[in-house]
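Just the one chain here, the form predicted alone, laid out as structure tokens.
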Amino acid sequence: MTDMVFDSSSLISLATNNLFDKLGELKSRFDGKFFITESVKKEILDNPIHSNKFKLEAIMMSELLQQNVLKLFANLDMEKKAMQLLEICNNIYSSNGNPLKILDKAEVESLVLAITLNAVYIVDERTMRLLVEDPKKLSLLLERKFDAQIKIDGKNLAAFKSEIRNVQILRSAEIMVVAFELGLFKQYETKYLANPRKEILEGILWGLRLRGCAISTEEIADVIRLEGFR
């Protein structure tokens, strides 16, 4: 299995669904490393550890780093490249002549690291995924969000595309489906469930959807069907 780079959004989805233990179990099954950047560490550990609201999730995150489930990757050259790419990203779309800030440093820094390592980028935020996979669809969503015409800067979009090359993006939902297929949720197949495996899979996907992962109802239905359930 290839290396993975996790953005804050995917880790928050896993934390709020109490799935960090499954991430550790997955890591033990594969040779690939799980990385985070310095900016992600600040977002999900350094800053929230001082907040009563998010302290528990930050403590859980610190355990993943302590156990080397996640590894911190810090590189000044990479940070510099991330800031340059961030400037491009936040000048792709504009409304009434004003550029729209659509991404933050941690998201783009993680993207740059994934590109650098030829790793899979795990991100649950819809904006980043659509910018990489379908920038025109993102433009339509921004028009609905701001109720205004959105202009795309073709030069900046081309510059962005030239940087990202063939980066592969997955969500927390996809990696937890892998965990499900590997039998890592088998202990929950109790007599109290009419169709244990289907209900567990539905629980995983809907839990992630309702707590941060941008996966649609239709996509959930497709996963259920592809896994052989009706």
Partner chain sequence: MKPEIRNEIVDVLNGSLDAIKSDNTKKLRDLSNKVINSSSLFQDENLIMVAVITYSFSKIYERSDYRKYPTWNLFSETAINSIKGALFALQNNSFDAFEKNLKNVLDVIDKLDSKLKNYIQDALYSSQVARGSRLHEHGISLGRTAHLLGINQWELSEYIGKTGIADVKEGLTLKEDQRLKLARRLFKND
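Quick caveat: nothing in here was measured; it's all calculated off a predicted structure. Residue numbers count along the first chain shown, from 1.
Although not depicted, the form predicted in complex with its partner chain is the subject of the following passage.
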Any of the heavy atoms of Glu181 lying within 4.5 Å of its partner chain in the predicted complex? yes
Touches its partner chain in the predicted complex: Asn18 (any heavy atom, 4.5 Å): no
Is there a non-hydrogen atom of Leu65 within 4.5 angstroms of a non-hydrogen atom of its partner chain in the predicted complex? no
Look up in the predicted complex whether Glu109 has a non-hydrogen atom within 4.5 angstroms of its partner chain, and give yes or no. no
Stretch in contact in the predicted complex with its partner chain, which is absent here, among 66-74, 173-181, 188-196, 157-165 (heavy atoms within 4.5 Å): 173-181
Any residue of 79-105 with a heavy atom within 4.5 Å of its partner chain in the predicted complex counts; write them all down in order. Ser95, Asn98, Pro99, Leu100, Lys101, Ile102, Leu103, Asp104
